[in-house]
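Taking the form predicted on its own, here's one chain by itself in structure tokens.
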């Protein structure tokens, strides 16, 4: 058994810094590179891409990145784990196979499937799976005809199996962000799948690095001005040990900072109840985290406890929920805010006169109250300029489209001093809404499939 492994974060979302994974494999030693590409809305985007082209539906940036780092992965024996397969891990695998062949290297590529249940919704419903919305209790049947994507959040176990089968590159669909990091620890240290404290520690390690540089100085609130060389920010690395303790660090010579503050801020990111951070693998207790700043961009994390996992998987579904459009006009001093408010009132009166109805009309005055609402109005009662940003949302495409034709006329038929009309006439965009639900693990386990292809 290894006494320590180094797990490096390479991406925090689809669209993150493209140089980060290159830096991770070239600027110091690592054993694993984990790359997180998926968010709830990302799955619906990928599903739309796959409907247009059955060969798409995955993070294409991933393939280009692997092309750039393939020599380092093979030469140094670094294993890569990513959920960038999206809704089409098979096609993503095929694209990576072509990359390996171009480089003339031999590599085992594993894929994990079974998370995509879009085609099985009717059968699951017939079996009694209601997929009720976790927030309002409505049954999934109420949106069945509008569902765009449906994916189960799988955990670390199938990745562990792919590692056991020798895969060097593992591509999954909707796997938990934390599972990408937990799986190497289970595999390397031989942890039992009911060793709840160690599983919780690995889960929290994954949580700390899942957003990339957000734990190594990026998006840092406490003292962001003092973070050095953010242009060359280093992404975080976990130094994991068999007992469950780990150190958060980064490569020497890179920018950014790893400190108790940066790690603590990331620990608070999207956790809900800190006593019950629920994943498919374990329930982790964030109140048991102990952070010790060792200096030199090293934070030791220990003391974590966990509890048995639940019998459910979380299901992330997206569905079509009408259309929206947004438009902006900028007004200059004097009386910039008064002009913008008057323009908003005129616009609303004209929309009403036309008989247009929307589920929501939202107006923000950027530069005045868009970020902090009424709290900022008293501090800045007479801004030099203000951008009126208006958005509408509703089920009627034609109504949303007609709204877009009422913006430009305000320039000459409303208050004076319009200094900016950005983007031209807005076009309606489809609104994709989120539907979280739970499903019994027993309905999914038999469908999880791990395949390993040797190039």
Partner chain sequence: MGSPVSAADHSGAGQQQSEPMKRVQLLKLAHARSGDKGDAGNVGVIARRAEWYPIIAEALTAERVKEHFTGICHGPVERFELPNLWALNFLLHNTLGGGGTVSLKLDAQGKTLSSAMLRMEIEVPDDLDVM
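Residue numbers count along the first chain shown, from 1. Given the structure is predicted, the values throughout are model-derived calculations rather than measurements.
Not on display, but discussed next: the form predicted in complex with its partner chain.
Q: Looking in the predicted complex, is its partner chain within 4.5 Å of a heavy atom from each of 268, 371 and 434?
A: Per the other structure, all of 268, 371 and 434 touch its partner chain.
Q: Indicate whether its partner chain has at least one heavy atom within 4.5 Å of a heavy atom of residue 168 in the predicted complex.
A: No, residue 168 is distant from the partner.
Q: Using a 4.5 angstroms cut-off on non-hydrogen atoms, would residue 260 count as touching its partner chain in the predicted complex?
A: Yes.
Q: Residue-level question: is residue 326 within 4.5 Å of its partner chain in the predicted complex, judged on heavy atoms?
A: Contact check for residue 326: yes, within 4.5 Å of its partner chain in the predicted complex.
Q: Would you classify residue 194 as touching its partner chain in the predicted complex, given a 4.5 Å non-hydrogen atom cut-off?
A: The answer is no: residue 194 has no heavy atom within 4.5 Å of its partner chain.
Q: Tell me which stretch of 70 to 78, 243 to 251, 123 to 131, 279 to 287 has a heavy atom within 4.5 angstroms of its partner chain in the predicted complex.
A: In short, 279 to 287.
Q: Just give me the single entry in 190, 334, 272, 228 that has a non-hydrogen atom within 4.5 angstroms of its partner chain in the predicted complex.
A: The residue from 190, 334, 272, 228 that makes the contact is 272.
Q: Check each of 232, 305, 309, 376 and return the one that places a heavy atom within 4.5 angstroms of its partner chain in the predicted complex.
A: Filtering the options by heavy-atom distance leaves 376.
Q: Only counting heavy atoms and a 4.5 Å limit, does any residue of 384 to 398 reach its partner chain in the predicted complex, and if so which ones?
A: Stretch hits, in order: 389, 391, 392, 393.
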